[in-house]
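One chain follows as structure tokens, the form predicted alone.
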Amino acid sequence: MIELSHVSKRFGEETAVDDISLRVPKGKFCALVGTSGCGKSTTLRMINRLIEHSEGDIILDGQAIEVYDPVKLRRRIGYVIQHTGLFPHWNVARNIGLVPRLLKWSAADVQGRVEELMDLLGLPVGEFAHKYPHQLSGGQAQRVGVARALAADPDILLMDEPFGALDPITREKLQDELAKIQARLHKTVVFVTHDMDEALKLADHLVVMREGRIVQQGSPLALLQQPADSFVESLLGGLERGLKQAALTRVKDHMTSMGPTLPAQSRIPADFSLRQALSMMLRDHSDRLTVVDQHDVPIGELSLRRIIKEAQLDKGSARE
């Protein structure tokens, strides 16, 4: 869906993005990460031609972006920024329906789409449709921003630090909402963030940038297991890489068949992460947990000894 080939961007004598290449397949979630000023946002804005690239090729759905009219291109790409960019004198419903109206949708279709998205993002129509941006909390305003980006049902969604200004609790809730929406809609997403935990939680493909260049890219698990250099290793958490890797794996992938039933406080749902399981073991002073399904029925057992043994085997395979 999106391909950048040897793309560079210069502002005068300064090179902001230097000869980068990457591919984002249709329906995948790509996160661009790195320190401030590394070229993440510039890369994102070149995709929808908010910034024109200096060299290389940018291909969207098989066509070079130069063949598209810039305005029409942007209307077919959803775009979400940190501070929402909502029109302050428009209510929520009107803000969400902006692009469909520009695309000449009928009033009934616009209204139906607005109501559909407000429901999807947990914004009851009767409560929020007529509110103005200044009447919303930060999290609510950001939900409206996401809804507006999705309004014309774009194939591509670009998100530039969309949750960066939110408090940790609201941020985590919106990350969960976005993960659910992506699982349902399968948009092609390019997501810029400086928060590595956020990137690891959401992305299928991780791109680490430094000083305008791509240092390493691949699946989050691949980068955690084999960072290219000390910079990537540090960005991924250094000594905490093991815990971050554990956050990407599910309890059900490490459990064994049921042993003796453990106390109720030592139960953990099968879909929880291994990191959550390790935290629970420390909290409960236990080296075993009973794994339960969505109905709280025991289906297996998780053993700390087995987790360590599997990690040793994985390390040995990586060396080979």
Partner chain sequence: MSLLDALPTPRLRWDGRHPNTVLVSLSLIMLAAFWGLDVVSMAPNRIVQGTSYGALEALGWPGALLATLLLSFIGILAWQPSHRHYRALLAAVMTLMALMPVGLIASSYLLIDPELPQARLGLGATYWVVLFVLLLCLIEIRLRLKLTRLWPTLLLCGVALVWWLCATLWLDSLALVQEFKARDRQFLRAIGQHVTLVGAAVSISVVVGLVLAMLMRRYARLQKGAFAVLNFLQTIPSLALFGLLLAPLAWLAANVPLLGRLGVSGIGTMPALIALIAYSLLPMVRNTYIALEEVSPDTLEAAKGMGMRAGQRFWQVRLPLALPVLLEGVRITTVQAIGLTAVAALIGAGGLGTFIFQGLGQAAMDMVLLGALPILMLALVVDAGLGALAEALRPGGTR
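Residue numbers count along the first chain shown, from 1. All values reported here derive from a predicted model rather than from experimental measurement.
Beyond what is shown, the protein has a form predicted in complex with its partner chain; the following relates to that form.
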Even though its partner chain is not shown here, does it sit in the model of the complex so that Arg45, Val71 and Leu102 each have a heavy atom within 4.5 Å? yes
Please identify the residue among Leu224, Leu86, Leu117, Ala246 with any heavy atom within 4.5 Å of its partner chain in the model of the complex. Leu86
Checking Leu98, Ala228, Ala129, Ala165 against its partner chain in the model of the complex, the residue with a non-hydrogen atom inside 4.5 angstroms turns out to be Leu98
Hey, in the model of the complex, is Arg148 touching its partner chain, heavy atoms inside 4.5 Å? yes
Would Lys180 count as a contact of its partner chain in the model of the complex, using a 4.5 angstroms cut-off between non-hydrogen atoms? no
Using a 4.5 Å heavy atom cut-off, state whether Arg184 contacts its partner chain in the model of the complex. no
Residue-level question: is Ala270 within 4.5 Å of its partner chain in the model of the complex, judged on heavy atoms? no
Its partner chain in the model of the complex: contacting segment from 230-238, 172-180, 75-83, 205-213, heavy atom within 4.5 Å: 75-83
